[in-house]
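Included below are structure tokens for two forms of one protein chain, each presented in isolation as structure 1 and structure 2.
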Structure 1
């Protein structure tokens, strides 16, 4: 009998994951290693990347950590050379480094009369540097590693790029205008790259994670007695499935599917929401 088409086997592939010292991307690195790929874990925080690489190697996988600032083009190119020398040319790039910054976040959801003069960070207090930081990290931080690693993919078969967008790319979340706009740009760029590389044997897709409970954010989501915080209550009310996703298990399927050369061979330029229905729900 034929095997299930989604038995993703990445043996012999070299996968590069940026932001791999972080919560979601360290989990992606493990998923790719368990599927057989040799994994390069890139992060500004080399120590964090190295500790996850060590965990993968201890499990019997092949992983190596590299310090890399995804906003430094020369550094991206240098790391791309190092990865190629150590592990081989890159087949899979996961552009995971990204995130928001308090400097690009308003204190309140809504502008209220008087806020402009109040001791609160309103829309009018956002400085260009904070907004620029978030746009650069998410958009340029996807573009520059793609330039560095896609050079190793062109002209070969079975190569893939996976970008990480977000729920707020569809409808912006309150308080975080720059992060929302930057992730919308990442979704848009995913389509652009998919078209641009369509003749070069490189598929380019994205996932848009919704809300995931992790050890790191549990204290923000729940009160010490286990009851949801006010913000958690709003998130859960806006999530038709009524719960958070599990970062360890509920992103892996979409990642492996999009990278699977048999199951997803004709899929490029899509962004899959993984959000328990959040992006589909109007609230009514």
Structure 2
């Protein structure tokens, strides 16, 4: 395994990553494995998680994949028991499962006269089921795995929960009200958990990624011919560094820092933006 950039040593630790079948969370799993942790990759798509687990094992790490629906409390508890039996009790939980859905997305950035009756999905056309799905996926999809795995952490030292928030938690993006609201809830929940577990040996923090080009958001950022969409133009114009982040490398430093018991042992309840300056830029 290659050396990690901060020399964060997670040897002997068991790390659990939800949403590990995706681009960002599989990268987190690899980072943790390279730091020495045994990693459980959880995803509803077990095949995708297993593929990334195989890559980690091929590098010399220790990883296992598990199918898990983060919206099913009983399933989360069952997987937590399985991980403990296979790898040991959880020391690190990365709550990465989440995402948006077209059912909770408006077609236009701004309401325009006539939209309410037009053949378009306006704010007034959003159905409760779509909004509920997105909110639950992000918020309950953080809360339920935390219930399942934090019970293995309480009373032990050096345990960590890392939640994945978003730039949307600071300033909501247009078109995606449910996702933005849900990520704001995740940031708030991070602070609540940090206080709640402060006497139990568990630190709780979050990172808020800015814009990283991945398979999941490719259709939003690029046209079928590969040219950037108008939304990409807006994103890069509002990002002082003028580019997307690299999902494989530019989140690793913050993750390893927050999990480092020597460097970050007094840090809990924070959410670190990793956004190329997006959250600091007023547009002027």
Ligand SMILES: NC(=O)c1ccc[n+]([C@@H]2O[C@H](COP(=O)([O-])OP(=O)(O)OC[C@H]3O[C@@H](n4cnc5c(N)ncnc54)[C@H](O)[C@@H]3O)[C@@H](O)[C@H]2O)c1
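Not measured: the values here are computed from a predicted model. Numbering follows the first chain given and starts at 1. Think of the rigid core as the biggest set of C-alphas that the two forms share within 1.5 Å after superposition.
The first of the two structures is the form predicted together with the ligand. Once the cores line up, the CA of residue 223 ends up 2 angstroms or more apart between structure 1 and structure 2.
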